[in-house]
Each structure stands twice: as C-alpha cells, then as structure tokens.
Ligand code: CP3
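Before any questions on binding or motion, here is one chain by itself as structure tokens, the form predicted alone.
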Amino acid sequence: MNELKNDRFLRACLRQEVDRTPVWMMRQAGRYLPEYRTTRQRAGGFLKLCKTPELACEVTLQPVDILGVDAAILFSDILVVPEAMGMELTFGAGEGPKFPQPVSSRADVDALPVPDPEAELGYVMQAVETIQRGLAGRVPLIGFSGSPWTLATYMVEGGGSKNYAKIKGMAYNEPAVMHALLEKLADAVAAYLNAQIAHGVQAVQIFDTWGGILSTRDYKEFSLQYMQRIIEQLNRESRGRRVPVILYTKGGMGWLEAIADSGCDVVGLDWTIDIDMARQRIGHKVALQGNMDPAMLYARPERIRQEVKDILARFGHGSGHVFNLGHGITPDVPVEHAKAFITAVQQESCRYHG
C-alpha cells in the first residue's frame, strides 16, 4: 500500500496534532454529484454499482478529486450484510430498500448464517483494494457497516418504517429472539469490518442510524452493547498504524458518555448538540466528528462559511476534531455549496492548530 501523503484524518481521530482540521462528508459519494449519477446510470442500478468494484472505486474517488476531502469512504451500503446472510434485498425505482421476506421469528433468526466476508462479500474486498490503488496514498480510506440494531430494524420491518412497531414489538415481547438476532449481526459485522481492515481500509465507522428511536435503557440493551461487542472483536492495528473506530448514533446525543466509554476512538455527533458542550462532556476521552446541520448546505456559501467558523470556534484550539456534517449530505445540494463547505474548513481551521 502507498505511503499516505495526507494523514490528517487519522491523526485527528487519535487526537494527535494536525496543521488544520480534516474534513469529509457522510454520503460524500452520492447523488448530488453529476459524475456519480452518470456512473450509477452506467452501472444499471444502485446494487449493481455497489457490486462492481471498478465502478464502486470510481464513485469513491469522485469527491476526493472534485472536493478535495481529507478521507475517502468506501462506496457500498449497510444492507449488503443482511443480503449476504441470505435475505433478498431490492431497491425499487424511487423507493428505499425492501426485504420482501422479513425476519419475524426465532426460526427465521436461526436460519440466518454468519457470512464469510471473503466469499459472500468478496466484491466489497475487491472494491477496497481497487480504491486503494486509485487513491495512491492521497488520503485514507474509511470502511463501514451499519450497527446491529440498525440492520435488524430493516430486516424485521422489511424496509423503512414510521413507527418501528415490528422491531420494537419483537424487542419488548420476544427479547430473547431480538438478542439472538443482534448477537449474530454483531459477529457478522465484526468479521466484515475485520476483512475490510485486512484488505486495506485505515479506519472504520459504525452507523447506528436508528439507535436514537430507543429509550435510554433500551439503547444500552439493544444497540450500544452490540456495538461494544463489535469493537471488542476488531483488529485495531494494521500495517503498523492504529485503525480508528468511529461510532455514530443519530439522535443519541443524550448518551455521549456511554458511547465514549464503548471503546471507540471517535464519537460522531449529529447537529442537535453544540460541539463545545460535547467537547466538555467527552472530549477528554475521544475525538469528535461533526457536526454541521446538513441543511446548512442549502444556504449561500458565505453563510456556510460563517457556520463553519462558528463550529470551529466552539470546538476551539487543539486536536481531536474531524469536521463533518451531522448526517449525510442530501441529493439536491448544489455541488458548489459542498465545495464551499470543504474549502471553508480547510481555510478557517489553521488558526486553531499549531
């Protein structure tokens, strides 16, 4: 693997000194980029794009080339894991993901295998290696997975949900079944992330998109403990460097202390908390990632820069901040606004370092 020319992201994740705050965006390879839309059309669909290593590489590199972000993130989808466990996954035109035969019983859970990531998810590993060749050491590559709770939500609901009646019904009425599913998913995710690390990703993020729908007690029981189970199994060193682990729970800002104690290196923040408050609460333990409201990218570039300056000032001097959005960039954001955001962080953050 090529020597890294820009390791700011990795250094910030480990709270080491950097010359400026590194920045990347969740969903930075996505529909707001015309180049991405062109590649997806060539692929013939979203899942085909995920499963074609050369094209997955192409869209992973686009934001590095176009925006100049400080990290690339593997282009894939969190739901490739349940698909690799034998569940049929579909993405209809204009629709979200669907599992036509959702998990609804202990028998369904018992029938799910823990997949071999080198076999059932080999196309992801090929993509990682292809991307690293394309990056040629320009920036680090982030691997990722969904959290067990978030994956289970889609698997039990059969897709997206408004009230999460099925998944919560299972958790409350049949907790043993719920825990059996989450345990199996945690082990599958750990194996999957370790395979990504073995093939060359230099950091990993666990996306707990739906952890925030739970109560405090249930979050710790059904979500956080299974992310900890993953973290405990991860290979934290690769090719002579520490592999940082980022844990992001959307809607979980009330539980920052518990998240920081999970064993992760970085806590991802959504936009519902001021970063100075988060730094006071947990910044002595972990690095922080975030946390501009994604909707700010609809604002004029000068307003975006003002928001960037405010967040940087709130975090203050010192290391341990990876600038990001509080959730993924939305498809209709103008590319020029995304560029203005990245440039503002790069230009305005130097004063807080060195």
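Start at 1 and count along the sequence shown; that's the residue number. The structure displayed is predicted, hence computed values, not measured ones.
What comes next is about the form predicted in complex with the named molecule, which does not appear here.
*Select, from the options 129-137, 228-236, 75-83, 110-118, the stretch whose residues sit within 4.5 angstroms of the named molecule in the model of the complex by heavy atom distance.*
Of the options, only 75-83 has residues within 4.5 Å of the partner.
*Does at least one non-hydrogen atom of Leu33 fall within 4.5 angstroms of the named molecule in the model of the complex?*
The answer is no: Leu33 has no heavy atom within 4.5 Å of the named molecule.
*Are any of the heavy atoms in Phe46 no more than 4.5 Å from a heavy atom of the named molecule in the model of the complex?*
Judged by the heavy-atom cut-off of 4.5 Å, Phe46 is in contact with the named molecule in the model of the complex.
*Heavy atom to heavy atom, is Arg27 within 4.5 Å of the named molecule in the model of the complex?*
Arg27 belongs to the contact set for the named molecule.
_Touches the named molecule in the model of the complex: Tyr164 (any heavy atom, 4.5 Å)_ = Output for Tyr164 is no: heavy atoms all beyond 4.5 Å of the named molecule.
*asked:* For the three residues Arg40, Phe144 and His327, which mark the spot I'm curious about, does each lie within 4.5 Å of the named molecule in the model of the complex through at least one heavy atom?
replied: Per the other structure, all of Arg40, Phe144 and His327 touch the named molecule.
*Quick one: from Thr209, Thr153, Ser262, Asn194, grab the residue that has a heavy atom within 4.5 Å of the named molecule in the model of the complex.*
When the named molecule is considered in the model of the complex, the option within 4.5 Å is Thr209.
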